[in-house]
Each structure stands twice: as C-alpha cells, then as structure tokens.
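First, one chain by itself: the form predicted alone, in structure tokens.
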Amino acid sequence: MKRPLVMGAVAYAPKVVTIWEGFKEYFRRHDFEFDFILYSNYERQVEAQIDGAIDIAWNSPLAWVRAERMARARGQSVRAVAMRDTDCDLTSVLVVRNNSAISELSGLNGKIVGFGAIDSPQANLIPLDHLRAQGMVAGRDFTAKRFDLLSGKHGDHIGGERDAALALMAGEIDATWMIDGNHLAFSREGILPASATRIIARTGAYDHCNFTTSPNAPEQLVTHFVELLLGMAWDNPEVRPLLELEGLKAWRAGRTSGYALLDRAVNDEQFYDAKGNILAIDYRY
C-alpha cells in the first residue's frame, strides 16, 4: 500500500465525518491514498501538526495564525496551499434592531454588544480589534457580552453567533457581531426577520479556512493532493455533493494576504504571543 497523505480536521459537527470519508473515497478513485485524523479542537490539531503527527491540516484562520507562529519560532515554515472560493474576502457586520437609536459606533457608548465565542475570528477577535481601532474599548466604552459556545472550534459551529442574534431580537443586547454570510442565513431562517435589523458597521475584508502544510510534509504528496483538489469541478456529478457538503463551488490556490486583520487582532487582544503560546486566560478548549 502506498503511503497516504494524512490530514487533520476538527470535528465541529457530525457532518465532518461524512465530508472527509467522501473525500477519502474520491481520492482513492484517483489512485491517491489519503486518510484523516479528527481532533476535538484546533489547538490540539495545530500542536499535532507542528509535532509532525499529520502532513496537512484543514485549519481555521486562527489555527493558521498559530501554526505559522509556532513553526516560525522553531525555525520551520508552514504553507497555505488551498482554500475554498467561499473563504476569500469575507467581512463581519455589526447588527442592531431596526428600531434602535444606534446609527454609528459612537452610539455604542454604555450599551451591551454581543460577540461570538472567545476564539471566533469573525465574531469576536476581528470585531473587538475593529472597535479598538475606532477608539471603542470593551469594558470602558461598552459592555461586551460573549456567547461562548464550543470553545476550541474557532467559531466554526456558528452557535454563538446564532445565540447572540436571538438575544438581539429578544432585547437582551443592543447590538451584535456576526460574519456577513450568517446575517443573510439568519434572515432566511427567520432568526432575524426581514427588515427587523440593519447593519451599522462592517470590518475590513479577511479570509477564512485553508489547507496548511505541516513542517517537513512530503512535497510530492502535497502537490498531488492540491492538483486533485483544484481539479474538482462543480458540474461533475461525482464531486458536486462533496463540494456542497464543504460549502464551496471551487477550490482555489492558497493565499495568506487575507489574514492581516486577524494577525493584528490576535496581538491586540492578546490571544497568542509571537511564538503561538496561548495568552487568553479564560480560554478553555
């Protein structure tokens, strides 16, 4: 049997098993041996990656930041080699009820603002940093209410954002942050009824997940893996169900230019240090 490329992924929902078993069968049909190991959280996955237990990882943006920092501190390197089309150029939005008197960030003074999980790039770290850059600091200018579900999953489950949206409509908070796609999704689900909310602020653009190589990953296997990914076509009935499950229409070559906002937020909010050590004292995973 050929040596497989071993990937790490985080089990943030039951569908994760279905997704990667499907990819495993697809790769085998193309004479490429592939296997995966599931982790309960991204912190364990990144540590396993840097230690060489896996060849490549399906990493959240925050996991990418930590992996890059940990590798650099050891004189090693990691690469972002592929990502989904839906991972590129996202934003987070600050939402208020339509009848709210708040129309700009200054209106948040003395108010309660909702955030997602402590380790959510899109609903906590980037929004907090965005507000800080505008002169608004949690605990001084406004009260931050975090909806801290499933820590260690880096916000992939979106449960915290959903609970915050429900709290907004119930009048328990005055505003809340969420990724732009979830604002639309919650409207479709009826959590945020049509015309019931409006957006008063938006972060800059950032990227989401990527396939991150581990230090000393077998280059030939990684190259073949990426070639097979990029060759998956939406109009191919063999692969379309897999792409739908993983939430994309096309794989793209990886890039790292979209992580600048998160890298700054990680520093400003003191989540990791320059070596990837965890600084957030109330983070449990």
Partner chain sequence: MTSNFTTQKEISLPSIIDIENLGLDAGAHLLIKHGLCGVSVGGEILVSGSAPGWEAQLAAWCRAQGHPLTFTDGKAHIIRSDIHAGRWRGATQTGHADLLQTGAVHEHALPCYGLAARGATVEAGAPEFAFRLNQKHEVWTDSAADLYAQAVAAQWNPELAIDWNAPFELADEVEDAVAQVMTYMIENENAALVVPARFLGQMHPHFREVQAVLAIQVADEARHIDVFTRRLRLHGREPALSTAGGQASLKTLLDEPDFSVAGFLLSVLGEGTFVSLLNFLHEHGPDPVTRQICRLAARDEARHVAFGMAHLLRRLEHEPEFRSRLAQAVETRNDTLSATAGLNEEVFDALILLAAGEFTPAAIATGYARVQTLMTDMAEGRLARLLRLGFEGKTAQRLAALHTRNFM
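Residue numbers count along the first chain shown, from 1. In this text the structure is predicted, and so the values were computed from the model without any measurement.
Not pictured, yet referred to below: the form predicted together with its partner chain.
- None of 152-160, 124-132, 89-97, 69-77 except one has non-hydrogen atoms within 4.5 angstroms of its partner chain in the predicted bound form; the exception is 89-97.
- For Gly181, a non-hydrogen atom is located within 4.5 Å of its partner chain in the predicted bound form, even though that partner is not displayed.
- Of the heavy atoms in Glu244, some are within 4.5 Å of its partner chain in the predicted bound form.
- At a distance threshold of 4.5 angstroms between non-hydrogen atoms, Thr197 is in contact with its partner chain in the predicted bound form.
- In the predicted bound form, no heavy atom of Glu172 sits within 4.5 Å of its partner chain.
- Contact with its partner chain in the predicted bound form, defined as a heavy atom within 4.5 Å, is made by none of Asp51, Thr213 and Tyr283.
- Along 44-83, no residue reaches a heavy atom to within 4.5 Å of its partner chain in the predicted bound form.
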